[in-house]
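Before any questions on binding or motion, here is one chain by itself as structure tokens, the form predicted alone.
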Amino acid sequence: MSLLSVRDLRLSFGGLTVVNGVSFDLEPAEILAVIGPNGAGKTSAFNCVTGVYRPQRGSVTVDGRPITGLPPSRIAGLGLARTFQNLRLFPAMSAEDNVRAGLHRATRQALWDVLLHTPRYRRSERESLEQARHWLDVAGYEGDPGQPAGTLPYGEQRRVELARALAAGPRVLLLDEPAAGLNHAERSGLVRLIREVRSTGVAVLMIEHDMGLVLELADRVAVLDRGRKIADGPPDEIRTDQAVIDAYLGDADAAA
């Protein structure tokens, strides 16, 4: 049984079908990259998996358990965490507090403790702060943990969002355009981090336009075009697939 199984997803808005019969599986510690031209349905498929959208047809299961139609909070509780193409941080909150938001599953505080600031509350707050700073370090964040996230450079904001996703303790990490806007050094750090995450047994499902990064990282590549999956296989096989070249890559040599 696959860790994550997606079967025959279909999503339409009005008369426009944006995901049409998409299926794929994801195994523990596997990196699957989903590629395709703009408007191919990649992020919409992600949104169906994570509960942002409810598909009109199809199913999503985790360890065989149906999660289709569950709210995002329930799905996150089953071990799926994600980042977004457009950053979704709390700009007025500090970097560390943004990451602490990802720790809510592991934080258990009674209302009485919160209201009275009991020793148990203070201990819990101290531990969550230590964990938040740990995950910022893991994500390669180099700024001030107390700095408001909205004032950080773009690359550092990316790291904060990634740290928040990792802090949730995911079994499946979904990354939507994780390399977008990163410089060469930041991209290299991202590659190292994703490999480290995979080495712990976490599966990674990512949307990415950087074909160099996809070929470097992915165990398998699924290609979408106009809402349909047109190819699925190892990177070396995908880069020479004529249907993929025609729809997306344009030139197999350019994708090397």
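Keep in mind that this is a model prediction, so the values were computed, not measured. Numbering starts at 1 and runs along the sequence shown.
Keep in mind that the form predicted together with a small molecule is not shown, yet the notes after this line are about it.
Contact annotation: Q85 falls within 4.5 Å of the small molecule in the predicted complex, judged by heavy atom distances. Although the partner is absent from this view, P37 contacts the small molecule in the predicted complex, with a non-hydrogen atom inside 4.5 angstroms. The closest heavy atom approach of E177 to the small molecule in the predicted complex falls within 4.5 Å. Residue contact check for A243: none of its heavy atoms lie within 4.5 Å of the small molecule in the predicted complex. The chain is drawn here without the small molecule; in the predicted complex, the stretch among 22-30, 195-203, 63-71, 41-49 whose residues come within 4.5 Å of it by any heavy atom is 41-49. Only one of R228, H209, R57, R220 comes within 4.5 Å of the small molecule in the predicted complex through a heavy atom, and that residue is H209. The candidate spot formed by F13, V18 and Y53 lies fully in contact with the small molecule in the predicted complex, as each residue has a heavy atom within 4.5 Å of it.
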